[in-house]
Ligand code: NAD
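For reference, the chain that follows is the form predicted on its own, supplied as structure tokens.
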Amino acid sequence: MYDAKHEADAARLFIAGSWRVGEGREVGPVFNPATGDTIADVPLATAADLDEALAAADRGFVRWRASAVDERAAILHAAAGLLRERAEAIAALLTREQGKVIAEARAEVAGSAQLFDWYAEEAKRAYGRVLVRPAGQRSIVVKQPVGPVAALSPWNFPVYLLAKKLAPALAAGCSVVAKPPEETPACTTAFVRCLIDAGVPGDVIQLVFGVPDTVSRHLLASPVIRKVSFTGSVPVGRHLMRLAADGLKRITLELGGHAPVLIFADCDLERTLDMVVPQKFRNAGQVCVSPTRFYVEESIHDAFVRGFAERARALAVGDGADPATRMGPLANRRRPDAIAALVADAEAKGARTVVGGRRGEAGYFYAPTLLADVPPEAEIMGTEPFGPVAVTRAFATENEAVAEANRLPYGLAAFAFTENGRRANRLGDAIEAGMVGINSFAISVPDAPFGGVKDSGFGSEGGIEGFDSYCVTKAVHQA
């Protein structure tokens, strides 16, 4: 039975069916990014904890894979219901730990519930096929769960990106050892509590926190883990891929991006600006698909810059818990310095700071920023800022715009705004990205694959592709 005390629960580990707190373990500090104050401690799993979690996941897989699909589906639907019931409490924890505005936190919890509902039904559609054979023979192809999974998720969408791994994994019949980020332990603890209260067996899901490299090395070295799903930076993705290679473990990587946005003169400029500015500063720009590199057709470039700056200046920046706030702080103390360095480099190389370009006085704030006429050699044109900074350059031709969009080694998401249907078709084909939004930012939805190409990773989460990534294919032949 859920009660109000859970709203203030300290972060906990969940191992082998029991909740664990400090109990002599080392702890790490948790900060409120709006103030910089320490608000809690997170217990760090020991090697013994990880071994116990792996052993439980090994047992849990045998049990869970044998469960009836209707049973699994009912539990996932129940989890979705509990997420909705507890949305306000979870969202408040999320905002307090991560900084995003409360409306965005509520939307993140609601999106997580949608994932569980969608995969609850997808579990019933894990169809195989029957091959044509002579009379008396039978050959079938079936999907089966891959096995225990290590799910490693980041701090920018701590609930939703963990749900994006857990929902399909559990639906497929896998057990999971989840390691969410240490920056946001209370909201992810509350999220996992929903799953346990919904009926997920205690040996099927394990929740651990710890030093990321220590935990990932320990989990990936174990023969228990058969699949790894990671969302995070390109360097860490490469590192995990090397670790996974030693055990020939399957791996899905959703890595960084640096999303280009192509703005053509035939778009509805005012409507486009009303869409792109809130998207750029959503979650203070800490979004892997955040629109960042704006390539704008020459004839409307100056008007675009003016309209963008006007809207950016009007954004209310402050504590995400305040309903009037439209952009909160960055999630950790490292980000303001990193962004300030990118802005200074761009300015030194000739970029114009049209609006913003400054840190806040307290907490981890950085003002909504627009840099115009940014030269290609500026570091920010090749390095994902992961913060509230947009950059613009004018282009003359469609081919030039596409070449700039494809110039970087990243290929996660890209966007374009045009009313020309033929051009929209060409752009969808020509842009090198795992996801392309044309006149739309709605690219992360339960029934569609989410993933990148090139250095942005491989494999997909979301959609049937996300479900299949937690399955193996088996052919059974009978004479």
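Position 1 is the first residue in the sequence shown; the rest follow in order. Bear in mind the structure is a predicted one, so any value in this text is a computation, not a measurement.
Another form exists, predicted in complex with ligand NAD; not displayed. Remarks below refer to it.
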152, 239 and 288 all contacting ligand NAD in the model of the complex, non-hydrogen atom within 4.5 Å: yes
Proximity to ligand NAD in the model of the complex (heavy atom, within 4.5 Å), stretch among 89-97, 117-125, 200-208, 228-236: 228-236
Close approach of residue 175 to ligand NAD in the model of the complex, 4.5 Å, heavy atom: no
Residue 334 within 4.5 Å of ligand NAD in the model of the complex, heavy atoms: yes
Ligand NAD contact in the model of the complex: residue 386, any heavy atom under 4.5 Å: yes
Contact of residue 212 with ligand NAD in the model of the complex (heavy atom, 4.5 Å): yes
Answer option from 156, 369, 189, 392, heavy atom within 4.5 Å of ligand NAD in the model of the complex: 156
Listed residue that, although ligand NAD is not shown, lies within 4.5 Å of it in the model of the complex (heavy atoms), from 222, 216, 406, 279: 216
Partner contacts for 244-264, taking ligand NAD in the model of the complex and a 4.5 Å heavy atom cut-off: 254, 255, 256
